[in-house]
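Taking the form predicted alone, here's one chain by itself in structure tokens.
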């Protein structure tokens, strides 16, 4: 193992720990680790039980750290650990949790604290992941399950190597109340911590190493990438079946339905058993839906009602405080996991329930346990707050793994180390623009986010929201409170149907992109800052000059929070209610309209007026998009599907399409296949396409293949 010795700097403070040194060990290629002081055993990676994908990390190109590792400083006093990571001029910082309004984090102060989102990016959110990535191509994870405070280029030390210039406010108009800072400073409220550094060389490479170190991203079942409808909270079995049949009758796709609180006999707190009035025969109900090709996802929260059959058994393994008069299980204990898990298996999973929506595991301070609460494991209430959503994901994922069944669900809280768990974050906030910013930020911290659709004030808003959710990890209408359906606004019902069916057509592409997330660590939906040719230091053609002469020079330095990449080739630029036109920033390279194949631009800012019927989507030159036939259900295990492979632009292209059974974990045993698609011009100058055969003994679920060359 390679080691670097780093002497601690204490700015004149004499401590007993002063004689120690910080030792950096390259534990895997491009992944450096150090411990300082006495780190706690309950950290984020230990709690999640993460196992790095060593083979995938070893397969990445060698890379040196672009962070000045010798400039990292650490010290302990007043029972706290202080960390300082250097920043250079022009460097931007991304990440530090699921923020909703900001993408650029330099200049921010964030207190990373698991909570519902309160409308302000202050660090309190559903996934306060203490990982950040630099525009210079490295990542930093502070592996602590505590409330961490980040001063991202705000504090100025008097011994700074790059201090700001002193200015006279009386005479200098460039004076600022926020002077230049050359460091990210972190306050950890414990006497020691573990730190991990991830090399690039690009920001995307650093994120890939982080995701792979956390086991790789999740690979949902194929049906999880279909369309889902969450029904009103007090629906009964007959109402659910009628609504499912209505979807089919009207020609709208549907793969799984979500039942809200009324499926349980008691909720807030929960009984974890079926209400016999609304669902007198749950097993038959689920069987009927499965015969219709529909899976069932159940809402719950983990707080145990006094009327739950597990109340007395689980009580010794719960915390000192209740939530809505319900017990709070300590899921760091084996006994609590066993009792809770047995109830889910017995009542729901064993009869065919396919997943869960884990609600209320994030916050709100007024009903969740206080930081003074006690848990029988000895873990602090603060730590429990930071990891509770991760523990619920881990528990339920293990239940499905024990049955060799994949699940795909929803959760209100997550954190570092949960990258591999098959859950998408959601919340009660409902700003469409902020939902897109959150989708962008999810790519920096190893979580998934859905900009779900609930209600709208107009058909325009309904369609705009629906268009966005189609290009996200989970295509979902959440009608728990208002009963909305895809056809609720008749004036745009056909356009909504078009996009719902387009989601299904794109399933081979999105499924392959999720496979890359799992095997290669590449986020399936990601920020423009991670796209090659987008950051200003990746666009060498940009000429020097004033911003008036070169507006694109200004644009690439702006905070881009309303457009994103969907997979390897698609650029998505949503419109919001009231917008008829918008500007789109195209990275370097030629880009083409997804719908027509027409050329739209190269490394420039364009203004588009797509009309209400379209969400702007663009494909990079040489892009290959495999699409299946329009259908109402995801392909079943072993079902052959015909695919149309679309090629865009003037360049030859390559794409790897992924295949497995779509439902089990047999892919972890090697039962999967990657098939290479190649498009190039023949000797006569005509486009030709080919797809490799599936390896012998590997999944082969692709039927007839046709090619469409969209750009004439």
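Treat the numbers as computed from the prediction; the structure is a model and nothing was measured. Positions refer to the first chain, counted from 1.
Separately, the form predicted in complex with a small molecule exists; it is not shown, and the next lines address it.
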So in the model of the complex, is the small molecule close enough to residue 357 to count as touching (4.5 Å, heavy atoms)?
yes
Give a yes/no on whether residue 108 approaches the small molecule to within 4.5 Å in the model of the complex, heavy atoms considered.
no
Looking in the model of the complex, any heavy atom of residue 293 within 4.5 Å of the small molecule?
no
Using 4.5 Å between non-hydrogen atoms, is residue 246 touching the small molecule in the model of the complex?
no
The stretch from 567 to 575, 474 to 482, 309 to 317, 394 to 402 that lies within 4.5 Å of the small molecule in the model of the complex, judged by heavy atoms, is 474 to 482
So the small molecule isn't shown here. In the model of the complex, which residue out of 498, 268, 147, 430 has a non-hydrogen atom within 4.5 Å of it?
268
Exactly one of 620, 516, 465, 412 comes within 4.5 Å of the small molecule in the model of the complex through a heavy atom, and that residue is 412
